[in-house]
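This document starts with one chain, in the form predicted on its own, laid out as structure tokens.
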């Protein structure tokens, strides 16, 4: 009840209208089923029809893939003799190592495992909520990890440049995890802790970098004494294959696609005609042709533009082609995000006196990338699946290794089981990325 005094002095009393009580809601499982699946006779028919189709589908899959399946056999013939209508998972078990690692030497496969474990450990800090400096850790992963992983996978003689980058990569990796431990224990960054321990906290801020550089120098010396003479045998890239090669190409393409796409999107919106026209020509050229054409051009035409003494193997050429293709598509996704940011944000950044790069880095790009999370992840999912095209140019990725299992004389005719296994692997990869993107959207509160 509210009252208002009029100009004449009378008090006018407003009595709020009684609100209608909310309709009662059905609770429990039966209520949910009635409200969502059986709210009319037509919905009940559709529900029963869908349940019947699901039942017969899963029943047939269970009968073929589990009940009648053969798990131990030495050939396709033995599988057919044991169960003519069941799945021959014995062939997948025999070929499992090749499907995962390709033709990588058996006694050197620990290097592949170690490389991907290091990648997971390098990116693990992004899941720690209280940790600071996550952007810096991500930048170090992009800059240094490829050299460490590349030497782990390829091996061989190390020149002075590769020797330096590998030692720096190990040093940065150790420093990152020391920063994680210090942050989780003390709540301060490694830099703040080192500055406080060395007594530089009371000195000018510009001097704080010197104790941190000295600390990293000590770590670098320790790494050199530990791994200075460390080497692994050379493994030719022709032996790389399987899921290892698929993940390698996918990760490199994803890592380079986003920064490359951001650079191309900003270049396309540039006011400088030369930069804008060059970016438009690059983006439209790569978006106008299929990926298989780019791969063939990378393998056949790229060597013509290189010096005669400078030769790249087929894998490097394919990776370069996939990365350029992914960056061109990502550029349009990022450009859409930049256009979705209201003009008032640009004007507010100018009113605050921010330069172009500061306004982009602090205001515009964070908003644009947050809006574009679903499109960016969709692009990444398509990129993971498009890596199967490298099998056409002779690279033994997981798809080609799955095909090779059915072409082996002992297992000839084994086609369905490898493709089903590959579909499951791709589903797990893509579903995990999709779920992570949705969790990231909820964390950044972009969902409605």
Partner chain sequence: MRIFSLYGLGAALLVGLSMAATPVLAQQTLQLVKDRGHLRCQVGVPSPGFYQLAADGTWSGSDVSVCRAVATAIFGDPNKVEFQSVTSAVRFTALANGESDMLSRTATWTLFRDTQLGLDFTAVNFYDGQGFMVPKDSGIKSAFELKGATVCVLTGTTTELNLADFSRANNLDMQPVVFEDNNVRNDTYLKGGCDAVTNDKSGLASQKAGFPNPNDHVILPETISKEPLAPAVRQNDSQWMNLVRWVVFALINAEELGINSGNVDDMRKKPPSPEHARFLGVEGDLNKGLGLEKDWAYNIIKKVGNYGEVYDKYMGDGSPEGIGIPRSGSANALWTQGGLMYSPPFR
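Residue numbers count along the first chain shown, from 1. Fair warning: this is a prediction, and the values are worked out from it, not measured in the lab.
If you look for the form predicted in complex with its partner chain, you will not find it shown, but the lines that follow are about it.
- At a distance threshold of 4.5 angstroms between non-hydrogen atoms, residue 155 is out of contact with its partner chain in the model of the complex.
- Its partner chain in the model of the complex comes within 4.5 Å of no heavy atom belonging to residue 361.
- Contact between residue 398 and its partner chain in the model of the complex is not found at the 4.5 Å heavy atom cutoff.
- In the model of the complex, none of the heavy atoms of residue 138 sits within 4.5 Å of a heavy atom of its partner chain.
- For the residues 188, 77, 134, 269, the 4.5 Å heavy atom test against its partner chain in the model of the complex is passed only by 77.
- Checking 127, 305, 160, 357 against its partner chain in the model of the complex, a heavy atom within 4.5 Å turns up for just one residue: 305.
- Highlighted residues 111, 334 and 379: none comes within 4.5 Å of its partner chain in the model of the complex, counting any heavy atom.
- Here the chain stands by itself, but in the model of the complex one stretch of 117-125, 230-238, 189-197, 319-327, 230-238, has heavy atoms within 4.5 Å of its partner chain.
- Along 154-179, a non-hydrogen atom within 4.5 Å of its partner chain in the model of the complex is carried by no residue at all.
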